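Here's a solo chain for you in structure tokens, the form predicted on its own.
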Amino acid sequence: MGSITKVSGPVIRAGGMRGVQINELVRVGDMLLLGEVISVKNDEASIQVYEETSGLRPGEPVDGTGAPLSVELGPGLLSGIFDGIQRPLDAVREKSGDFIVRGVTVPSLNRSKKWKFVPKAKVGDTVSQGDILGTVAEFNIEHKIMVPKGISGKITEITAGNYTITQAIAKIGGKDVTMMQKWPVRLPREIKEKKHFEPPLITGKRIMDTFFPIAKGGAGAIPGPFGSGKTVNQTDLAKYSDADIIVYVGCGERGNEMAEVLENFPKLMDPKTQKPLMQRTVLIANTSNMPVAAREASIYTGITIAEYFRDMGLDVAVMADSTSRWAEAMREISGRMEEMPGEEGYPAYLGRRLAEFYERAGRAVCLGDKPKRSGSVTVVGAVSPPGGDLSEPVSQNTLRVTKVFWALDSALSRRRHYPAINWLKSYSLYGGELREWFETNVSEDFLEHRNQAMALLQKEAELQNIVQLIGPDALPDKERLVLEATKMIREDFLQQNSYDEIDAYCTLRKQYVMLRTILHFYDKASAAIAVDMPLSKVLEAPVRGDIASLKRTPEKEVEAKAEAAIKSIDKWFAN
């Protein structure tokens, strides 16, 4: 046992701590506040405390637990709402009221609820870490109970029945095995090997899926200034992406914004199952007025839970909103420890911490051969650069380690263009790896259409500089047609209404059909202008209204309507 020698906000120093380890969990003061050892020198330890430290004074005791900060993994995670160190907010509220009382101790997972365990292994089987012992039905997910780390050997007992997560369901090599396991949050869960990136994570957003796709197991960043739609986009990704499990980490966001997420998420319906989206979601809530140390830990809590579901062979998507607030928490703790600051006061290890976090994404062959399986963790991190300045350290270090960049633009959001993703600043480096998948599963010319549309949008940006000087009427018809075609691409394809029942989600096939129809109009119009048809005649084509209505056409009708539009285009330009 040691004692407090200095208190500096969330960081305290304690003497008499010989024998403690880095990242060891400790109990601080008479209120038994939870903390984590972050540096050790001789017998003095620096500790970041996950709760408010006001009232602590030198001389109060500090006790080590002998274990690192860990999360509890097992049935009961889904639909759970936790704080940054995995305290269930519903259970905390029952125990301490609407405000979290310091030092409150609540188990992360319900200890009294019983789950129906169905064995998949039998007595006499030899198993090791990662092998499936059985399953538990949790909403629509088959929650697989896996052999935990450190246990292997022959199964001597395994019984079907209703158990709590702390009751033994099997005996392996003389050791009891329960449905719950613990894992240190800062340690990536073990895998056999990483796999190549395929297929894409289908988001239902046209600008993301067609122009800047992200692979399952990929890492992406969505930076943007205040009010540009980071949270709305991440909520849409959580609702519509084809991931099996969603882990949403609200890291340091404003309290009212996080309250809105917590209030709205339980009401959202899953488009696939028509059941509450929360049934396949885990929420980690850590607002900007909560202790910074817990904010720093919340990212690791979320990614560890995601890795646990990945190990079952599921595809998991992690929404981290926002990594800038996480970096600010690191900066504050680093400053209180009197470390040498790096750029803009951030710690010198900012880039390494960001890389460690995003590198935990990926498609992986899971441990365990009974049965063999693979899963993925896709990470999308929101970045909130001050004043929208993407040259600041968090944005730049994030760009170094992510391969998808969805750049939100405040100018687009002011024009009510949503999603407000700037198509000239954004990029995806997964295009080459996903090319074969798109050609096989959508169409052989899918990427050709995408490249043609991008070339037109880039041409439009060049023409806009001329238009601002001399006006559009001074341009030749061929270039004015480019402006009209890109207007159709922007308004009829890229713009998408998240609150429209039909337009909120768009399948890849529908995206292809829509873009093909717009480009077919442009190609026919270009050929007509080349043989001296006036642009005014081109723009009178009634089919343009049909093209604009494709986005609000139901999926089962869009192919027929697009084919009819293409025939109308051919007929118009043939006359």
Partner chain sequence: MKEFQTVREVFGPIVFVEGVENAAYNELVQIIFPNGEKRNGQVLETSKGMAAVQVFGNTTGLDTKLTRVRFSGDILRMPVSDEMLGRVFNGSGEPIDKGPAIIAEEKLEITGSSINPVARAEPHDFIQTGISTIDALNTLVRGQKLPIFSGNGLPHNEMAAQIARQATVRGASHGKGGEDKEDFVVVFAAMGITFAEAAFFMQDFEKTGALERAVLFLNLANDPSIERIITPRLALTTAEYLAYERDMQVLVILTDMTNYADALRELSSARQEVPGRRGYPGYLYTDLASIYERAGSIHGRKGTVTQLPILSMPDDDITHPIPDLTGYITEGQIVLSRELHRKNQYPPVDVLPSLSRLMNLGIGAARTREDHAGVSSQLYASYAEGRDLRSLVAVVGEEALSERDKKFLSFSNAFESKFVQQGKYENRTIEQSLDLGWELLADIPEGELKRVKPEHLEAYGRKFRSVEKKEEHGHHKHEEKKAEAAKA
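Every value quoted in this text rests on a predicted model; they were computed, and no experiment measured them. Residue numbers count along the first chain shown, from 1.
From this point on, the text means the form predicted together with the partner chain, which you will not see here.
For V292, a non-hydrogen atom is located within 4.5 Å of the partner chain in the predicted bound form, even though that partner is not displayed. Within 4.5 Å of some heavy atom of the partner chain in the predicted bound form lies at least one heavy atom of G224.
Not displayed here, the partner chain is kept clear of K41 by more than 4.5 Å at the level of heavy atoms in the predicted bound form. When the partner chain is considered in the predicted bound form, E460 lies well away from it, no heavy atom lying within 4.5 Å. The single contact residue among K205, K216, K230, R310, judged by any heavy atom lying within 4.5 Å of the partner chain in the predicted bound form, is K230. Contact with the partner chain in the predicted bound form, judged by any heavy atom within 4.5 Å, is made by just one of R336, K175, K120, R186: R336.
Just one listed stretch, out of 377-385, 297-305, 153-161, 423-431, contacts the partner chain in the predicted bound form at the 4.5 Å heavy atom level, and that stretch is 377-385. The three residues T135, E439 and R516 each lack any heavy atom within 4.5 Å of the partner chain in the predicted bound form. In the predicted bound form, the partner chain lies within 4.5 angstroms of at least one heavy atom of each of the following residues of 413-428: R414, R415, R416, Y418, in sequence order.
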